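One chain follows as structure tokens, the form predicted on its own.
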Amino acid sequence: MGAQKIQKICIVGAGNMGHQIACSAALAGFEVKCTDVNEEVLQKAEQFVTTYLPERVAKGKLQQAQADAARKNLTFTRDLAEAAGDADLVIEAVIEKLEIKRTLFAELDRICPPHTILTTNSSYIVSSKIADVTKRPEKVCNLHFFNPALVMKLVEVVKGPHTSEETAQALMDICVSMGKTPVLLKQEIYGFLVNRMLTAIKNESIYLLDMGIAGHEEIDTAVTLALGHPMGPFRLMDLTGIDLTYIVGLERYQETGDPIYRPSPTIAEKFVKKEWGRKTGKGFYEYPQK
């Protein structure tokens, strides 16, 4: 399916990534349905959009007509069949648990029309670990947006050995239609492009912290002022979620047995205390809750 034929997009998972991807697609003129099993998460997602669009108009970033059109394009529902039943493209943005994704993709394969492209926004789980539960492996691919998805321009399109050239090209074109800049990875690799580089910096930063060489603020300051990064690794972990850092690291450690991936004592402690960053109000830094 070419990008010109993709009109209806389903986003599965209405968390921070999911609802921002949904809003981006709606602003680009696509008909979007966003779904989640958690009613509270779904309500927060809808409230975000209801607040975000008028704020953009007030700041002169959007015309009122654009905001109205985007809001009209975007609906929220708990019913997966309703959201995905007529979709041309599905973007999954649920928790980074392989078995959950496999169960979901099997259900999506049953629900969606044969032409529907099924993608995962996963930043680490490659689509070749999911494609075999579907009858359309050639239409399964990673489509990795970055947080915050409404702001970040880059999208990684990761082509698995099962993914057709047509699917990969259609996804590249969709990204451009959404105002994003896609990069194509011709084969799968753990962490893709950006996260492989970020992980190297993050792991070294955590090591320096665990060893007592420097505090998290000093390390963040060094990375921002000397390396020119917009934020340091600890603020970035707070933004993306320390729980995600822990879960991804633990799953990789269990998969490979390589101790380099085992979550550090600091990360494990924060995970247990639910000090997960912005989403909980405290991580390496504190965030007053609205």
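The first residue of the shown sequence is 1; numbering continues from there. In this text, all values refer to a predicted model and were calculated from it rather than measured experimentally.
The protein also exists as the form predicted in complex with a small molecule; that form is not presented, and the subsequent description refers to it.
- Of the candidate stretches 52-60, 66-74, 33-41, 260-268, only 52-60 has residues whose heavy atoms lie within 4.5 Å of the small molecule in the predicted complex.
- Taking non-hydrogen atoms only, residue 24 never approaches the small molecule to within 4.5 angstroms in the predicted complex.
- Contact between residue 116 and the small molecule in the predicted complex is not found at the 4.5 Å heavy atom cutoff.
- In the predicted complex, at least one heavy atom of residue 146 sits within 4.5 Å of a heavy atom of the small molecule.
- For residue 195, a non-hydrogen atom is located within 4.5 Å of the small molecule in the predicted complex, even though that partner is not displayed.
- Using a 4.5 Å heavy atom cutoff, none of 169, 184 and 189 lies near the small molecule in the predicted complex.
- Shown without its partner, this chain lists 28, 239, 247, 222 as candidates; in the predicted complex, only 239 has a non-hydrogen atom within 4.5 angstroms of the small molecule.
- The partner is absent here, but in the predicted complex a heavy atom of 152, alone among 214, 152, 133, 201, sits within 4.5 Å of the small molecule.
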